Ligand SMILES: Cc1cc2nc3c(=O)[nH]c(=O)nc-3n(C[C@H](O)[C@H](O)[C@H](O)COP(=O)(O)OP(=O)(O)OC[C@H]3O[C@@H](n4cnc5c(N)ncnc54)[C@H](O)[C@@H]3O)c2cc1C
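One chain follows as structure tokens, the form predicted on its own.
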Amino acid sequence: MTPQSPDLDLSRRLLLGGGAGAALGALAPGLLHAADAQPAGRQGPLPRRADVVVVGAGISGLVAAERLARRGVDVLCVEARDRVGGRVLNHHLEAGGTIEAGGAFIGPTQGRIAALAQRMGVRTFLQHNEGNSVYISSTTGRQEYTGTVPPDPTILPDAGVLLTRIDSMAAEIDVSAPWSHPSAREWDAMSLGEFIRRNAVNASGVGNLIKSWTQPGFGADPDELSLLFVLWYVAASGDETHVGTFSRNSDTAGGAQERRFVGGSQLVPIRLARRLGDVVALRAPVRRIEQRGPHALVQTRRGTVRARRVVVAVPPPLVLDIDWDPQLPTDRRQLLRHMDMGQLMKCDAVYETPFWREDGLNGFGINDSGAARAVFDNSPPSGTPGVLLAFVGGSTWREQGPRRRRERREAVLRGFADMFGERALRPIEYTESDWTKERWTRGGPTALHAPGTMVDFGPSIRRPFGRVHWAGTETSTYWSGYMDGAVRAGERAAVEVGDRL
């Protein structure tokens, strides 16, 4: 590789590949806007050779590609979709304003995505948090409250004990190797649900409350999650100088849901892709990766590229759709077979104003039943129009997902009305995004470890396979499953590859 000026080379690629938006026929109406039209990327045939091919133009893949390009590496980033961003996707409302159909939030200790957004000129704003939250229990009824845990006397003692224990256990976890903990096999064999039943007096009540955290956060119920995986997830909710905690993962103020992005989170990968220009090639799903001697052949629908190194940055289950020669190592295949994507959809109702704020409510709500289990104020930074968001995940998705859209809409709106009043039944717009139906994602927000999988298969999560390296948010040691984890994973993969060229 001949050294060049990285900035000059990157600017050249931007001039060649940036500019007009791509054809966007596959996306639903409302998902695009002139202000963040997709970059065209590389047109025509793909190059026959590159130093590095990055598979996937989500945040992680784009970060890896940019880091390598700035080092003077000849890199190509191929993406199956006709857009960039992966699990980050904007939705533009008919009433005006932008919300996120996918990943949306940013909070304390998420310094990597914060720095990237700042560099891309994307500002953040505080998630609305003024006023009371709402809690609806099938036993105690509707309550308004402040803080992390609803003041339900039937669950409050158990919740306090359990969350303290989870924080204490998580503090012992090595985020780079959770399987190395002395109790790792015991904790991995147990589900979060079983842990709750063993350690709570009112296990049903507090388990239902924690389900309102796992369904939006994982797209799964407590019984579907390895306890070790959940403890690691909490431990990863920090950085090198801040220990992860349950509250930082779950809260709005001071937590992972503290802020959102002005103009929508997808602006970050869109602007990054514009800088990369013809480094990015859309509509190029990878069919086969063949490693032979000093090179790897990456076969896509748009042509085959010979590379010295490959970075794969796609959701774990999609890796198994690629034809590998030689075959992936057994432990890697087993890991991917056991990392199912969560089941999650986002349902948003739009109103002329955020009327709940007039009643002293912040728009956050928890319900122990129904279609709207975890609800957020999802209004744009201006405050108008008003938007209520319901995360429908895990068993709630399995109940609501197969229903007709009209029936599901009615169930979600009824959930909003139970929390915030009858005005919630009359939105001016309603939209939903079911990530299980996204061909190149198949679920969200992240891939999961079920009980009994992390100790046996987890150690291969970042281990290179010949000339192939792994990125994607699930491979991050901090903030796995979040945009910050995606940035971290892309940066790490770029260092690995750059050091080996």
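On a predicted model such as this, the values are computed, not experimentally measured, just so you know. Counting begins at 1, following the sequence as shown.
If you look for the form predicted together with the named molecule, you will not find it shown, but the lines that follow are about it.
The candidate spot formed by S60, P285 and I322 is fully in contact with the named molecule in the predicted complex: every one of the three has a heavy atom within 4.5 Å.
Using a 4.5 Å cutoff between non-hydrogen atoms, A65 does not count as a contact of the named molecule in the predicted complex.
Taking the partner from elsewhere, W440 is found to have a heavy atom lying within 4.5 Å of the named molecule in the predicted complex.
Contact check for G444: a non-hydrogen atom falls within 4.5 Å of the named molecule in the predicted complex. At least one heavy atom of V314 is located within 4.5 Å of the named molecule in the predicted complex.
This chain is displayed without the named molecule, yet in the predicted complex the stretch 468 to 476 from 38 to 46, 449 to 457, 66 to 74, 468 to 476 comes within 4.5 Å of it by heavy atoms. For the options G205, G97, G103, G415, the one in contact with the named molecule in the predicted complex, meaning a heavy atom within 4.5 Å, is G103. Though the named molecule is absent from this view, in the predicted complex it lies within 4.5 Å of a heavy atom of just one residue from L228, L344, A349, A372, which is L344. In the predicted complex, the named molecule lies beyond 4.5 angstroms of every heavy atom of every residue of 159 to 174.
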